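Quick setup: one chain, the form predicted on its own, written in structure tokens, and binding and motion questions come after.
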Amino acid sequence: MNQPTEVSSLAAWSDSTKIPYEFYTDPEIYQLEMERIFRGPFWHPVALVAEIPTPNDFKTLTVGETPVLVTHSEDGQCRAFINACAHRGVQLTVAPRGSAKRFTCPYHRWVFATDGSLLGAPGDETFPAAFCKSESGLKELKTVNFYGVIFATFDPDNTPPIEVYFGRVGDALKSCVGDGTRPLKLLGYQKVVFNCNWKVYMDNDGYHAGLLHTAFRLLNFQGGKGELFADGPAGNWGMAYAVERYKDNGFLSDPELVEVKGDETTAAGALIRPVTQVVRHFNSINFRFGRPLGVDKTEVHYGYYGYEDDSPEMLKHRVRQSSNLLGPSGFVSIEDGSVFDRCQKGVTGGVGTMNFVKGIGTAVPDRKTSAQNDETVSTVWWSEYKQLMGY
């Protein structure tokens, strides 16, 4: 197994509030992350049941650098597999979503069922006598359905049970997806590529919100009265806060865009390590699946959701609010992409540290709880990262 790059600043690194720039720029560190984190003891959200709601539905994504196929098999179970033919490793499908009763490899026409089993292979009468069809299915990942979100792990022997893995953060995720009592409905996707390391994207905090985002100031979305809390062994953190209904101050020609319809005034967020974010704000339910594209690029798929029992009018409102408010070009978050790009450019080729300070002076000793506008809980992740990466 490769060892972390022996740069002097890294060999001596011990302070999880001061992160050496190399962790955001070094290709060797990036490759080690693919092994120890993305294929390590983490539960990765790979789909929502709302994305594959009926038997034979499927979705593809990439976790780290590994292509994954998620299916709703005919027996009603949602499963996740390495998206690679058991014969010669060809990706079985490149479609982002769809419906299929079977998957046929385009190279040699091996056919697999939605439960991963091998149905047939041309010319199998000439295969070795030891070839066993029942042992030649797709490589399946261990999965669990947690409040309608399908999680998968590459390291089932070392990944804790999901309730332990999330701890209190599970409550934040539950709140984000509507307490698990109302089935979700997929409304659509947006995709963006940020010019930054995946950890720059995930280092985003509550400290910046009212300072960077013009819309927060114009629309009086300053917040800061909620709580951030980290829990479990992976540095996940959650957020709970109350939404104040917008009072028209003349800045919007269409104030309905930020109107809270119904009684959805409790908002929540969850950062799921290594690279997923979930936000419920106003009437927007927003799931962001991240994918590293190398040391300095991160692709993020934004999924927008409503509830199955929503009226057509409510669904339309959720779509407009989701993409225009908290989407990658939404007027609350449009500045993030520019800052991510400038952050990556600032640390590349330089020597220095990312410094987490807001809230540290008043934090509880383990830093696992903080005010909404602090950056304290991010240091919990960096402490876990240090152990996982062997520093």
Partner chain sequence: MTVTAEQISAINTLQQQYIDALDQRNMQAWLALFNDDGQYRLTSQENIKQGLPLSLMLDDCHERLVDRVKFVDEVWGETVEGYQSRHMLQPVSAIRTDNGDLLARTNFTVFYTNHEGHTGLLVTGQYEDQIVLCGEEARFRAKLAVTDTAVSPRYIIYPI
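Numbering follows the first chain given and starts at 1. The shown structure was predicted, so the numbers you read here are calculated from the model rather than taken from an experiment.
There is another form of this protein, the form predicted in complex with its partner chain, and it is not shown here; the text below is about that form.
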Do heavy atoms from each of K225, V278 and V351 fall within 4.5 Å of its partner chain in the model of the complex? no
Pick from A215, A113, V295, A209: which residue has any heavy atom within 4.5 angstroms of its partner chain in the model of the complex? A215
Would you kindly say which of E244, D155, E140, E299 lies with a heavy atom within 4.5 Å of its partner chain in the model of the complex? E299
Is there a heavy atom of T126 lying 4.5 Å or less from a heavy atom of its partner chain in the model of the complex? no
If we define contact as a non-hydrogen atom of the residue within 4.5 angstroms of the partner, is E28 a contact of its partner chain in the model of the complex? no
Against its partner chain in the model of the complex, would Q344 count as a contact residue? Criterion: heavy atoms within 4.5 Å. no
I'd like to know if T66 sits close to its partner chain in the model of the complex, meaning any non-hydrogen atom pair within 4.5 angstroms. no
From the candidate stretches 231 to 239, 166 to 174, 94 to 102, 69 to 77, select the single one in contact with its partner chain in the model of the complex, where contact means a heavy atom within 4.5 Å. 94 to 102
Can you tell me which bits of 35 to 49 touch its partner chain in the model of the complex, meaning any heavy atom within 4.5 Å? none
